[in-house]
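Just one chain is shown here, as structure tokens, and it is the form predicted alone.
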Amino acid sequence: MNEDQLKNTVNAMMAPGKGLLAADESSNTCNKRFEAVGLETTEENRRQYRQLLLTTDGIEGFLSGVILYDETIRQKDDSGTPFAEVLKQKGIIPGIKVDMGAKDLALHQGEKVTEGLDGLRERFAEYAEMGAGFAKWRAVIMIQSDDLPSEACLHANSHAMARYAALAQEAGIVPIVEPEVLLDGDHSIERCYEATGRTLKALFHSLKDQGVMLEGTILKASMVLSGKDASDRADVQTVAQQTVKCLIEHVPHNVGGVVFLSGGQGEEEATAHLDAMNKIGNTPWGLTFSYSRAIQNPVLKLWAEGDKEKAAMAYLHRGKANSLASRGQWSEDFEQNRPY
């Protein structure tokens, strides 16, 4: 493990005013999004859309890294340049999703465990050769009843994630650990706070057991939110306060950084929450974004309509909005002149 290399990568990923684009949707997930907007689900269409996301002029102003999918890291732009190299030329670090998805957890109905450890050391060697500087592994944690998440689910996912993180660091690749507490359900924000705290406690216990260097690790956190079906959902300021409080209580201060997933939030909602957290400030680590749909939703819609120029404008607008939010400098006024 090259500790200096890992720390340098983390510092570059957490550069002020920048965040990550999560462009790591599997081919099946990408196809579902294409179908929803009337696009043909072909590999070439996926490549063309990703080319917009990875080559648009100006994205280097708000992106420090992009999480890619296995198909994407093997693709090239129209000139024949591998996408990973295109990003590097812009000063953006290519990353790679390495988990194989969440499967049913045996004997625990309704809960999932993420798989993908088999052969991971060899895959990391290949991805490092292809230029990946960081990786991502996602677990899904559900709250849908008073009994969930179970201790078994938290232990299984935390153990797998810690083993992944150790293998990543062994390969000189920064691990992003993403224990996503799902928005699904009608739970209160207090219930989400409790589940998120338990999830983070289990994760960092497992990371310590596996000897993972926290300074060379980034947490991709879900925000502390009311369930999407809750009758009285918490407002932006409450979400920001509860999320920051939960992180400070449960995340070690020497973690390299914290990036947030949008987790089904609308694009402006996700930006507003990130901005409110950074306006609170005084956290031991930087707080920035690692959004997928909260950046891509308007972009894909416009691209599907054939307006590639406007799609690029929408992409830059959402990127700049979240860049401002990562500094606590966004306001609703910024959205008045949005190009979509």
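For every residue, the number given is its place in the sequence shown, counted from 1. Please read these numbers as outputs of a predicted model, since none were measured by experiment.
Omitted from view is the form predicted together with a small molecule, to which the following refers.
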- request: Spell it out for me: taking the small molecule in the predicted complex, does every residue among Lys18, Ser64 and Ile218 have a heavy atom no farther than 4.5 Å from it?
  value: no
Residue stretch of 149-157, 167-175, 131-139, 75-83 approaching the small molecule in the predicted complex, non-hydrogen atom distance within 4.5 Å: 131-139
Residue contact check: Gln48 to the small molecule in the predicted complex, 4.5 Å heavy atom: no
- prompt: Would Gly227 count as touching the small molecule in the predicted complex under a 4.5 Å heavy atom rule?
  reply: no
- prompt: Would Thr288 show up as a contact with the small molecule in the predicted complex if we use heavy atoms at 4.5 Å?
  reply: no
task: Find out whether any non-hydrogen atom of Ala325 is located within 4.5 angstroms of the small molecule in the predicted complex, and reply yes or no.
output: no
message: Which residue, Ser292, Asn278, Thr56, Asn31, is the contact with the small molecule in the predicted complex, using a 4.5 Å heavy atom cutoff?
response: Ser292
- line: The one residue among Gly263, Gly257, Gly116, Gly197 placing a heavy atom within 4.5 Å of the small molecule in the predicted complex is Gly263
